[in-house]
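Next up is one chain by itself, shown in structure tokens, the form predicted on its own.
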């Protein structure tokens, strides 16, 4: 194999695929990046078997072929090359020579035959979804995915599609995040559970523009086709929790509050709360105001936030980190917080649009 390519374009492709490369694997080739020519285009692949990323870039192909290059070394070498065209040549015994201006680097690599084949997914009946909507859905839900492998199904996000309606939901036993949206083109009903880690990598790669992402779901994998980049993730098998039964429909206390004011107050209270053993913040909901307090060995915080109260007064406590992670992904200027008792979940929604719902379990407090 022999080709010439722009250092900048080649590095962009490397950085796109390297997040899927295995750092430790029983298959040494998976710690490398597969480079191969395909129809006068250069294709780079990184994979850890659970997540695979392909990136295509333009190059001048002089000789077809393929090779697997150690990812860490390739990234550092190409990053430090001059911003110029370079020549990439595969020599005998899987050696690679990279020539750029006055620099020549030779690397010992792996045969492409040692690289596991990627899943073959027939792109029939793809789902077309706006990139911005997909990014928002991932951003506003995956922070609530479970990190404990004790319940593997909860380490994934449930993606549901029915006609034009689309929803993504994550929950970890302490909180639930649900984001709904509407697609331009209807699709048959689909339910698939995608690992949260895979969605996190997808969100990093997706450019924020008005183009659409093509999603194809097979029995064991899901393919995100972005044009010059393709991302393949395994899906999680099993039955997801019926989340609609968890979200309370009634409330005894409803608080309407300015999101920015609440977030600022919570941030200050969280600074002290995180120094304590329980990372705890207390909310004392009274007529037209909510008192936010936190205490630890290093100090105390008292915040008074103006609210509109509907229903009963209430005192309740939450994990400060969980509450802040929820507030940081809300884009709406005003939200409402619905409570039933101080040991029942709090439900948070935008006031004017129920496209986003967050449920958070309180921490039991003792007077």
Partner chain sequence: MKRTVFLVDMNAFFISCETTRNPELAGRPAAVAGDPKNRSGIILAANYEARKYGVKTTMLLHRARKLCPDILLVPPDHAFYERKSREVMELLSRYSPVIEQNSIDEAWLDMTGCEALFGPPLESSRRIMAEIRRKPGLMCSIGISENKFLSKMASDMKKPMGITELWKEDVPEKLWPLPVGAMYGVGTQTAEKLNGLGIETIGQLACFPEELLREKFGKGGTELYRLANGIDPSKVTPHAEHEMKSIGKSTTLSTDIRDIAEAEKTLYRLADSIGTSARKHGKKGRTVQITIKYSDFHTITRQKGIRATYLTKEIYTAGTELLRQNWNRNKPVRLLGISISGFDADSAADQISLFDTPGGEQSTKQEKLERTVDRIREKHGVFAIRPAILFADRDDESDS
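Bear in mind the structure is a predicted one, so any value in this text is a computation, not a measurement. Numbering follows the first chain given and starts at 1.
Heads up, the form predicted in complex with its partner chain isn't pictured, but that's what we're talking about next.
The listed set 101, 291, 73, 241 contains one residue whose heavy atoms approach its partner chain in the predicted complex to within 4.5 Å, identified as 241.
In summary, among the residues 319, 37, 340, 48, the only one with a non-hydrogen atom within 4.5 Å of its partner chain in the predicted complex is 319. Annotation: in the predicted complex, residues 9, 77 and 197 none come within 4.5 Å of its partner chain through any heavy atom. When its partner chain is considered in the predicted complex, residue 246 lines it closely, a heavy atom lying within 4.5 Å. For the chain shown alone, residue 171 is a contact residue for its partner chain in the predicted complex, at least one non-hydrogen atom being within 4.5 angstroms. In the predicted complex, none of the heavy atoms of residue 5 sits within 4.5 Å of a heavy atom of its partner chain. Heavy atoms of residue 97 never reach within 4.5 Å of its partner chain in the predicted complex, leaving it off the interface. Partner proximity in the predicted complex, defined as non-hydrogen atoms within 4.5 angstroms of its partner chain, places exactly one of 147-155, 133-141, 80-88, 231-239 at the interface: 147-155. Counting a residue when any of its non-hydrogen atoms is within 4.5 Å of its partner chain in the predicted complex, the hits in 262-287 run 277, 278, 280.
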